[in-house]
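Coming up is one lone chain in structure tokens, specifically the form predicted on its own.
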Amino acid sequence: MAASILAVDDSASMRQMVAFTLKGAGYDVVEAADGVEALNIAKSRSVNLVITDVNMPNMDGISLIKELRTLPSYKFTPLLMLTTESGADKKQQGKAAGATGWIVKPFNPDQLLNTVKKVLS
């Protein structure tokens, strides 16, 4: 059974690119447009990995990761940031929130797939 991945980004085109890349590699992808929608999805079903943007309306990615880490079923789930933010301060905030890794946009599909494979193994 394919691993399921929750892709969270307020940009529909970015979600489509991430989903296209992941689905092409055989993953089951669920999409959310912001942290609130992602949190609701995460509470209603189980996913093996969450990939989230940082800057989004309603709930940003760092707040989403903090909320997910409070849920027993997401305590050890890999949570990746995929964002244009590359500053050390933001990365530190992400790490402190519980992010597993950080990928800077624009992403290279091979890099994304290699990172996903690594955190899911």
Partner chain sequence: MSFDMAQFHQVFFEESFEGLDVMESGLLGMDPGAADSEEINAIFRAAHSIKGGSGTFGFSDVSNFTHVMETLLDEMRDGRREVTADAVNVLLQSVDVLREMLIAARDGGSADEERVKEQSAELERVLADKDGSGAVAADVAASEPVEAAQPEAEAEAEVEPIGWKIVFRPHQHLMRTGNDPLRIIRELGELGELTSTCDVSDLPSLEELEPEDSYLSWDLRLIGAIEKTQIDEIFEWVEDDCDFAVIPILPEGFDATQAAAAPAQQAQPDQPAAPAVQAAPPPVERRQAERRASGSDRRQGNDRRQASGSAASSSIRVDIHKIDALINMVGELVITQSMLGMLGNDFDMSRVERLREGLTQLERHTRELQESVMGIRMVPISFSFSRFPRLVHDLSTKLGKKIELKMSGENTEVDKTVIEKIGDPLVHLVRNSLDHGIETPEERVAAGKPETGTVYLGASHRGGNIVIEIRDDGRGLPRDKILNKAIERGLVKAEDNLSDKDVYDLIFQPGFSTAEQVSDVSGRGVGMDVVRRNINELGGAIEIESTPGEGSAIIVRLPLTLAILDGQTIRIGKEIYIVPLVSIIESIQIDESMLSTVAGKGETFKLRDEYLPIVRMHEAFGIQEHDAHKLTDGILVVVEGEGRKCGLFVDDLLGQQQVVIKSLEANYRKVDGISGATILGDGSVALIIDIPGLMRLAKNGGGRGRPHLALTA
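Positions refer to the first chain, counted from 1. Note that the structure is predicted; figures quoted are calculated from it, not measured.
This protein has a second form, the form predicted in complex with the partner chain, left out of what is shown; the following refers to that one.
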Practice task
Mark residue 92 yes when one of its heavy atoms lies within 4.5 Å of a heavy atom of the partner chain in the model of the complex, and no otherwise.
Solution key: yes
Practice task
Give a yes or no for residue 56: in the model of the complex, does one of its heavy atoms lie within 4.5 Å of a heavy atom belonging to the partner chain?
Solution key: yes
Practice task
Classify residue 40 as contacting or not contacting the partner chain in the model of the complex by the rule of any non-hydrogen atom within 4.5 angstroms, answering yes or no.
Solution key: no
Exercise for the section: Mark residue 75 yes when one of its heavy atoms lies within 4.5 Å of a heavy atom of the partner chain in the model of the complex, and no otherwise. Expected result: yes
Practice task
Taking the partner chain as it sits in the model of the complex, which residues of 89-113 have a non-hydrogen atom within 4.5 Å of it? Please list them.
Solution key: 90, 91, 92, 95, 98, 99, 100, 101, 102, 104, 105, 106, 107, 108, 109, 110, 111, 113
